[in-house]
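Encoded as C-alpha cells, the following chain is the form predicted on its own, with no partner shown.
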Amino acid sequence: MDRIEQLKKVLDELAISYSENESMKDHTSFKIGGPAAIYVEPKNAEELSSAFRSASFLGVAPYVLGKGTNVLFDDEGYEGAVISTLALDSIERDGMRISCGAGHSMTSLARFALDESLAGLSFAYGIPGSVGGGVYMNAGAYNGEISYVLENSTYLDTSDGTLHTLPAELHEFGYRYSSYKAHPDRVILNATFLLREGEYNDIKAEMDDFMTRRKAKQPLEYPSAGSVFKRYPGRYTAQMIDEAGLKGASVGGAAVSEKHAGFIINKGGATCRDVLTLIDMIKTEIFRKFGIEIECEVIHVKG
C-alpha cells in the first residue's frame, strides 16, 4: 500500500473529509495549479492536528492552506496533502476583543467588527485572504496592519500536537513578516484582536472609502494573487515596473495589469510557468534599469 493509500485509510478511520486529485485552481485566487494528491478538509483543530501529524508520519508532505490568495501552485500539482483551514471560521466578541478562527476571511472579520461598532479593522475590508494568512504575513493596507490590533494568536505545534498562545509582542512583526514564517511547524488556528469603541457610520464610511479605492486602482475583475512584489525601501515597486515600460507585458495567459503594475493577472488559461517566467522577466528588467533587486512575495508551492 503506497503512502497516499495509507493516509486515506487513516483519514477514513478518523472520519476526516478529503478528496483525491483536487485541482488547486479551485482553491486559489490565481485560479492556477495542478491537482493535489489529497485535499483534506478538517472540521476543527483536533482533526487538523490529526491529519497533519498522520501525513507527516506517513511521509506525505502536508501543506496548510487558507483561502489561497498569496499562493501559486505548480502546474504539475502537489504530491502531498493540502490541508484546508477554512472550516476554522468561528467568530465571537468579548468586550473590546474579537476572537476568530484562522479560516475566517479578513473581509468578514472587518464586517463583524463594523456590526459590533468596533474600530481598528477597517483596513482589512477587501483584503481577500484568511485571518490565518493575515497574521502569518502581517497583512495590511491603507496605513493599517495586523500588528496594530492583534492581541495574540493560538497555534498548533505540529511536532507534538500541543496548542500554544503567542502574545503579539512575540510575533516579531515586520513588513509582510511574522515569526510564523520562521516556524513552519506552527499552524495558526485562532487570532484575538483588541479594538476600540467606534461609531458605526464612521467605520462604515472608512470601509466604503477603502473599497472604492481598491476597485479604482486594483484589477479585481481578474484572478490574481494581489501585489506580487514586496515594497522596496523608499520606492514604490509598481511605479518602477510602470517606468520600466512593463505594464501590459505578458507571457501566455499571465500579464502585468494595466490598472496596477504591481499585479500579475490571469487573463485566462495562465499557467504557473507563465507567471514565474513573467516574474523573472520583471525582476531582470527592474535590476537592469534601476540596479534594484525586488523580492517576490507570492509563495510558489511545488512538490
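One-based numbering along the sequence shown. Bear in mind the structure is a predicted one, so any value in this text is a computation, not a measurement.
Quick note: we don't show the form predicted in complex with a small molecule, though the next part is all about it.
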Exercise for the section: Please state whether every one of the three residues 136, 187 and 225 places a non-hydrogen atom within 4.5 angstroms of the small molecule in the predicted complex. Expected result: yes
Problem - Listed residue that, although the small molecule is not shown, lies within 4.5 Å of it in the predicted complex (heavy atoms), from 261, 38, 64, 255 - result: 64
Handout entry: Sole residue of 71, 191, 113, 81 within 4.5 Å of the small molecule in the predicted complex, by heavy atom
Key = 71
Practice task
Using the partner position in the predicted complex, report whether residue 127 sits within 4.5 Å of the small molecule, counting heavy atoms only.
Solution key: yes
Practice task
Considering only heavy atoms, tell me if residue 218 and the small molecule come within 4.5 Å of each other in the predicted complex.
Solution key: yes
Exercise for the section: Indicate whether the small molecule has at least one heavy atom within 4.5 Å of a heavy atom of residue 85 in the predicted complex. Expected result: yes
Practice task
Find out whether any non-hydrogen atom of residue 4 is located within 4.5 angstroms of the small molecule in the predicted complex, and reply yes or no.
Solution key: no
Exercise for the section: Heavy atoms, 4.5 Å, the small molecule in the predicted complex: which of 128-136, 166-174, 229-237, 196-204 makes the cut? Say which one. Expected result: 128-136
